[in-house]
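We begin with a single chain expressed as structure tokens, specifically the form predicted on its own.
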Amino acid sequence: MEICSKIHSKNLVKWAKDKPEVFVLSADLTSSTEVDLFRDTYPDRFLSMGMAEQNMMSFAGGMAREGLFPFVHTFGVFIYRRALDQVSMSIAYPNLPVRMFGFLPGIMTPGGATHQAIDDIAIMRTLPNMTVLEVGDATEVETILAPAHAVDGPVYVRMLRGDLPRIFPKKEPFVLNKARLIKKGKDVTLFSSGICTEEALRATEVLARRGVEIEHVHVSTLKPFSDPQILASIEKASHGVITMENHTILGGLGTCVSEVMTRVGMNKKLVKLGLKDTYAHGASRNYLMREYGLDAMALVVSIEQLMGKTFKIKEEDLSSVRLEMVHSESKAEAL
């Protein structure tokens, strides 16, 4: 698997070259959100707002009213948790084209509950006019800017940084409100998002060799959630549906899928893999995914339970884990 470093940093500079109306705002997390290269390249279009996220959101709304396009960069928790009132009243309510990039989604940081955005999808989905997106690999990171910028209104992106795998081919860019059908199958339908898609792929090939036909769909648009592929894939599942997300099971991908099933009156089992009404503690990503049932083995167990079979799959049978250094050249700090 190809591993790419600091994709967003390089891509943003290239993409914004001929867009003088695009400004980048940072809340004292410039290198941690990979916009230091943008700052150095276009200093006149970079604003460091300090540790004052509420003010930054209101300021961004004011810029958008004047015909500019602010691209806000900070950790996800500081967007939807610390500045929710400003996001709601100064950006979403007037339907302004502010693009918010929230880093460290879910349990991707050892920083613990204060820095883990585990319920951001649930909260941002409730805001009228808000579009909610999530990237899952290097290809989506480097192709999300144009579709996000084309939205006539505010956009919230669960963004990835650092060393990222390339799961999807370069010729298959991010497309708004279009899920990716990774594998076809009729036994179980699996919907995964963000980093959970990479983790799910560790298990799906092993299960396929055991004769399990999995319909695997990667979802990167959480709002709107109206791609016909979603319902078509649900309908194919003979044993049930599984959602796998780096988020609480309340209000995220699992809830989106359940809403589709409820709307059409579909009577199928639905298993949600994600944080189960709990905060996570600080530890490595791999440990936390295992601890909270977000890893490949948790997926295997869920499929066994849905199908009423045992496949005798052990951890060593699964594809190897892509280990990451907490401190590396692509990350300025653990947080």
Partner chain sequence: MGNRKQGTKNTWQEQAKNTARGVRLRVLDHTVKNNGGYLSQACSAAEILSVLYEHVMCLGPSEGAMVPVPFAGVPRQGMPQYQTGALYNGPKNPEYDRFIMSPVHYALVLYALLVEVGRMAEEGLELFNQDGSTVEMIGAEHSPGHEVTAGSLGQALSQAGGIAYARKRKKEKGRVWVFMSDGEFQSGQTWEALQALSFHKLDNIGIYVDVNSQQCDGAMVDVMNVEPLEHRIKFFGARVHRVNGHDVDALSCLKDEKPDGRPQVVLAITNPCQGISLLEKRRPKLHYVRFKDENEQKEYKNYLNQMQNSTDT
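Note that the structure is predicted; figures quoted are calculated from it, not measured. Numbering follows the first chain given and starts at 1.
Omitted from view is the form predicted together with its partner chain, to which the following refers.
The partner is absent here; in the predicted bound form, the one residue of T221, S233, T139, S90 having a heavy atom within 4.5 Å of its partner chain is S90. Q86 belongs to the set of residues with a heavy atom inside 4.5 Å of its partner chain in the predicted bound form.
Taking the partner from elsewhere, D277 is found to have every heavy atom lying beyond 4.5 Å of its partner chain in the predicted bound form. In the predicted bound form, its partner chain stays beyond 4.5 Å of every heavy atom belonging to T114. Among residues of the shown chain, Y292 is not one whose heavy atoms approach its partner chain to within 4.5 Å in the predicted bound form. With respect to its partner chain in the predicted bound form, the three residues S302, G308 and D317 uniformly fall beyond 4.5 angstroms at the level of their nearest heavy atom. Stretch 50 to 58 is the answer when you ask which of 293 to 301, 269 to 277, 50 to 58, 33 to 41 has residues with heavy atoms within 4.5 Å of its partner chain in the predicted bound form. If you take 60 to 88 and check each residue for a heavy atom within 4.5 Å of its partner chain in the predicted bound form, you get G62, M63, R65, E66, L68, D85, Q86, in sequence order.
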